[in-house]
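This document starts with one chain, in the form predicted on its own, laid out as structure tokens.
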């Protein structure tokens, strides 16, 4: 059981190190890194590699933003098989709607409580 925590830490930390290197060395903006991670999660899921990573690392693979890309593609593909072209949109929002809604809600609450400096 301890090794599950260790592997989750190593995999999740490695994803974060890659993101930090992209920021520091290649001078990418945070938006570029986030987009790159979401797309890479979707691409890895397209080749059925991200599911194996989740089985191996658990929360180390599901917590980073790459998991969002995995969820988008995973939901879209599963619903596309059942509902066709319309299923793509259904699947995307079915699996990710809770995360999107909570991000909007918490962003609004923080904006109301704190004054923006911009």
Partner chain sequence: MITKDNYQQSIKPYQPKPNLIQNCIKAFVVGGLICVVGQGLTVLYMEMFGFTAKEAGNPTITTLILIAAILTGFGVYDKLGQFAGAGSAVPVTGFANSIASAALEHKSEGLVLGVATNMFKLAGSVIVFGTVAAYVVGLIRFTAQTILGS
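Quantities reported herein were computed from a predicted structural model and do not represent experimental measurements. Positions refer to the first chain, counted from 1.
Quick note: we don't show the form predicted in complex with the partner chain, though the next part is all about it.
- In the predicted bound form, the partner chain sits within 4.5 Å of a heavy atom of residue 88.
- Of the heavy atoms in residue 80, some are within 4.5 Å of the partner chain in the predicted bound form.
- Looking at residue 53, you'd find every heavy atom of it more than 4.5 angstroms from the partner chain in the predicted bound form.
- In the predicted bound form, 43, 45, 46, 48, 57, 58, 59, 60, 62 are the residues of 43 to 62 with at least one heavy atom within 4.5 Å of the partner chain, listed from first to last.
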